[in-house]
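Heads up, the chain below is alone and in the form predicted alone; it's given as structure tokens.
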């Protein structure tokens, strides 16, 4: 496998083609907002998003800007700021293909790809209404049970790209994610992983006893871009907190089409060729 490449943010975003299938972390994890902003300015088109397992402002921005054709998730929400307005609007008006899922189902389907399996069994969604809307999920009888014992089989999910932010990458391409294990699963399951980082670590992350367990080896990381405060307006672990005032302003403006356009203009997120 080729060594991890260190490139600038704009080039990293340009390497994600229109129509790509992206795995994105939840708002409580390492959200790659600087990468999101670069995709908005490009602008990206016809993206398919997999939220692992939920999303917030990141998915809402991409949807509102017309970058997304389809999304699979357990939820898209702005948390204490209320519903995600651009996601809600797109689902209601039918401009977005929405594939409903659950948190355990998304994690399990990614774990299937991580392990090189075609599917993963899951029991907890039996009896739920979601099965009626997921013809790709199959209910079978447990072949090892002596009595009737139904179980759901979920097809493996293999995204084209896992995209997330992190505190450090070292020069070998190893990326430290700390306790955020969903990012490890994403990197293992995806065909390629693109990561933005706060800083370059001076040393070998895998050689540090306190850091190695929370480090994704560089063999799973295709490219890295330096992006200080690259999760803003979301927070990053112990480095900085979410910008609550900014998120509240977004939630207010994004309720209308005009307000959403105003937000993009205020934050210089419109494509360079936009009028």
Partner chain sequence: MPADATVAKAALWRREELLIAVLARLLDGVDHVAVGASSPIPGAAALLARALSKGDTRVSVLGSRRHNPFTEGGRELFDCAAQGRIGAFFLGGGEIDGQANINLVGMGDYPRLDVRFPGSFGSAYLYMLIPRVILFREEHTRRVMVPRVNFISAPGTSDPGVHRPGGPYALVTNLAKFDFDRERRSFSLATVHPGHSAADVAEATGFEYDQPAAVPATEPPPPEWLELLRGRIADELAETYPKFAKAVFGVEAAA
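Positions refer to the first chain, counted from 1. Quick caveat, the model's predicted, so the values are computed rather than measured.
Not on display, but discussed next: the form predicted together with its partner chain.
Can all three of 4, 17 and 36 be found with a heavy atom no more than 4.5 Å from its partner chain in the predicted complex?
Verified in the predicted complex; spot residues all out of contact, no.
Using a 4.5 Å heavy atom cut-off, which residue among 199, 153, 156, 103 comes into contact with its partner chain in the predicted complex?
So the residue touching its partner chain in the predicted complex, by this definition, is 103.
Which residue, 187, 205, 74, 112, is the contact with its partner chain in the predicted complex, using a 4.5 Å heavy atom cutoff?
None of the others qualify; the residue that does is 74.
Wondering, does residue 122 line up within 4.5 Å of its partner chain in the predicted complex on heavy atoms?
Residue-level check for residue 122: yes, a contact with its partner chain.
Does its partner chain come within 4.5 Å of any heavy atom of residue 182 in the predicted complex?
Looking in the predicted complex, residue contacts with its partner chain include residue 182, since a heavy atom lies within 4.5 Å.
Could you confirm whether residue 237 comes within 4.5 Å of its partner chain in the predicted complex, counting heavy atoms only?
Result yes; residue 237 sits at the interface with its partner chain in the predicted complex.
Consider residue 54 of the chain shown here, and say whether it contacts its partner chain in the predicted complex, taking contact as heavy atoms within 4.5 Å.
Because a heavy atom of residue 54 falls inside 4.5 Å of its partner chain in the predicted complex, the answer is yes.
Can you tell me which bits of 111-136 touch its partner chain in the predicted complex, meaning any heavy atom within 4.5 Å?
Residues within 4.5 Å: 111, 122, 123, 124, 125, 126, 127, 128, 129, 130, 133.
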